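As structure tokens, one chain now follows by itself in the form predicted alone.
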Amino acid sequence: MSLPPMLAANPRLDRWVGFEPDGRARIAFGRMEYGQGVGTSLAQMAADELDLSMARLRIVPAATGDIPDEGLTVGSMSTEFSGPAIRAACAEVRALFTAAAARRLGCAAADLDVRDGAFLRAGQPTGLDYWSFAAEVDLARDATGEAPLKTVDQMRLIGENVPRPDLPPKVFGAAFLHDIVLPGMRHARVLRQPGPGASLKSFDEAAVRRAVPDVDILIDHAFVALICASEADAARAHAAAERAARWDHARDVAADLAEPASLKTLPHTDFAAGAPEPETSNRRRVTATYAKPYISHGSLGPSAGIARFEDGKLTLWTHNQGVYPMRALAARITGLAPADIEVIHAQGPGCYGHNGADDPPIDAALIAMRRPGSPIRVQWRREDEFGWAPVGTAMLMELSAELDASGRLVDYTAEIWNTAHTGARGTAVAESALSGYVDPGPQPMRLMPDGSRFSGGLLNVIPSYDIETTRTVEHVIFPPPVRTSSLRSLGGAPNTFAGESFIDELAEIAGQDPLAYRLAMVSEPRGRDVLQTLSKMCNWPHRGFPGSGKGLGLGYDRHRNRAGFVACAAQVEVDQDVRLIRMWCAADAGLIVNPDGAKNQIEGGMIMAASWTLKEQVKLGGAGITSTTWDDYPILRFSEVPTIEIELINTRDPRPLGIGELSQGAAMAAIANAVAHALGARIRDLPMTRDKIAAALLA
């Protein structure tokens, strides 16, 4: 029997499970908890397979050496991929201990049952439990995958709303990396270059010392750090340092590069896939272009990191997406061996992809290695987080369709322009300051298991329908005008916004209701189910007429065209601005481990999608990003969040399919289609601001 991929990569059972003298089970997994509740759902899966209560578990804090190496916590893959690994490991441990108990009792293993770690025979206590055999059963062995998993009807905890143990510390101020205080800790800020490749021409140290007399100034090439006894002093020293620095070779980024249309003017590499170009026919051909700008991660708190270098060993505290990748990054930049680096995870602002979380620990590490002994804490400012963290790439999407005589979509072409969604991870801004601009070059081609090329820009680029002929052309921009990398859902949500907006336009051309048009192209029963469920939730048959200022729209996709099914609807009112009234979502993500947590993730994705659709755009100019405050970069306010209703479908399917990125694309499309319904005119460029509403009405 084959092992789940994460268990195959970390096959030793004792890396996942152990039994401790205090009567608790030690459970370890390699996924980071940074707000999505995955720590709770994975613990539920472990407890269910071991037949333990949640109170009997000790979840191992994430740190290199203490947990399995599962890489990065990304892509809605924690429950989908880590969950099966944990279940398989725990099922095998349960089988090994049950066999040991059966030998002790002289009975068959099938005669025994487990309740909260205790072995029962014919429903009666045997006086034995897991801890009775902790010294006898050696878990320093590789998993075989031969132990059967529990069936859905045998599960007790999976499917329950188990409270999240990570929330109380967050509410009462004991969870976050930003609040860690270590003996002798010093606080640092790093002066940023005005763009990669800029060199430090001069620096007036005396002026900085007049502002903060006790500041320790570290200058290494263009890397300038201000080290102080307090965070307040570090902030004052940094403000003085900005005035004291003079730079050569500062870059000047044109403001119009912020617009997605500019992508066509930049150097790019082209990748084509799918069917050949269609031959000339008498079928109706329709084209439309959609655009999504550069978007910030917009984490509510700026990133932070702590480092200590002592006796040749480096310890890092980080809130990033993976302790092992962080160790590899730190080893590359510092030159230390990975064995000499320990990385400890702590809670912080959500990543939503690759934001600035990797950078402050690297800043801190570089300072600590030059000032050994004391822990060095680096907290970015809001301006740093907006201005220097990677952003989600702009995208331009030109779509073409051919319709048969009935109006059915039979041929589909998606041509897109974007930068890499998974850019050179950890090309930390500090690295370019130390060594001059390091151009990482285009990233190596990543292949899927079937040998096809993987690109984040191609996720959901083909709508999730039965379409006879499809093709894609991707133009990957390199180098990008600003630092870009993964943002929640990569290209999946923007592609769904574009594709589902286009489907609505095709339905109108065909003279058909948008829901009926979609259902005619969905043969997958689970897809049809979410669409039909959504129709009832939002009362679609009573949608009303277009152009009234009130609109109802929907969007649908299958996540990455292989995982969960989702349909969203949005009700809006449009005058000078778009006002969200209500949103609905019907989702089939397979096995739901924690329904409340799943709904929270879906709802959070819908709110984020609404903010992307209506508000957000990174502005460029000068040295790079100019939208470096919340005034420059507005997001959806709490007062603008609509009532949201979510229905989970097929929740006891054996396989979990991932929730974290499921709802954004369908929600973006639902809002866009609702706005078009309200206006009787289409806005194809995000965000849907007042100016774009006016332009659409005047077109």
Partner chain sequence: MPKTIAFQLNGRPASVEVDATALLLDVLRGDLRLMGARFGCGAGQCGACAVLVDGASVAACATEMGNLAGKSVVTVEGLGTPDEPHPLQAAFLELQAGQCGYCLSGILIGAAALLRANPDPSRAEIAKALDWHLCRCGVHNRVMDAVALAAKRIRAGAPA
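Positions refer to the first chain, counted from 1. Worth saying up front: this structure is predicted, and the values here are computed from it rather than measured.
This next part talks about the form predicted in complex with its partner chain, which is not shown.
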> Are Asp256, Glu402 and Leu459 jointly within 4.5 Å of its partner chain in the predicted bound form, each by at least one heavy atom?
Replying inline: no
>> Using a 4.5 Å heavy atom cut-off, which of 665-673, 626-634, 66-74, 23-31 contacts its partner chain in the predicted bound form?
In response: 626-634
>> So its partner chain isn't shown here. In the predicted bound form, which residue out of Ser296, Thr472, Ser455, Ser82 has a non-hydrogen atom within 4.5 Å of it?
In response: Ser296
> Pick from Glu603, Glu160, Glu505, Asp204: which residue has any heavy atom within 4.5 angstroms of its partner chain in the predicted bound form?
Replying inline: Glu603
>> Against its partner chain in the predicted bound form, would Glu398 count as a contact residue? Criterion: heavy atoms within 4.5 Å.
In response: no
> Should Glu616 be classed as touching its partner chain in the predicted bound form when contacts are defined as heavy atoms within 4.5 Å?
Replying inline: yes
> So in the predicted bound form, does Phe545 come within 4.5 Å of its partner chain, heavy atom to heavy atom?
Replying inline: no
>> So in the predicted bound form, is its partner chain close enough to Arg382 to count as touching (4.5 Å, heavy atoms)?
In response: yes
> Are there residues in 637-661 with a heavy atom within 4.5 Å of its partner chain in the predicted bound form, and which are they, in order?
Replying inline: Arg637, Phe638, Ser639, Val641, Pro642, Thr643, Ile644
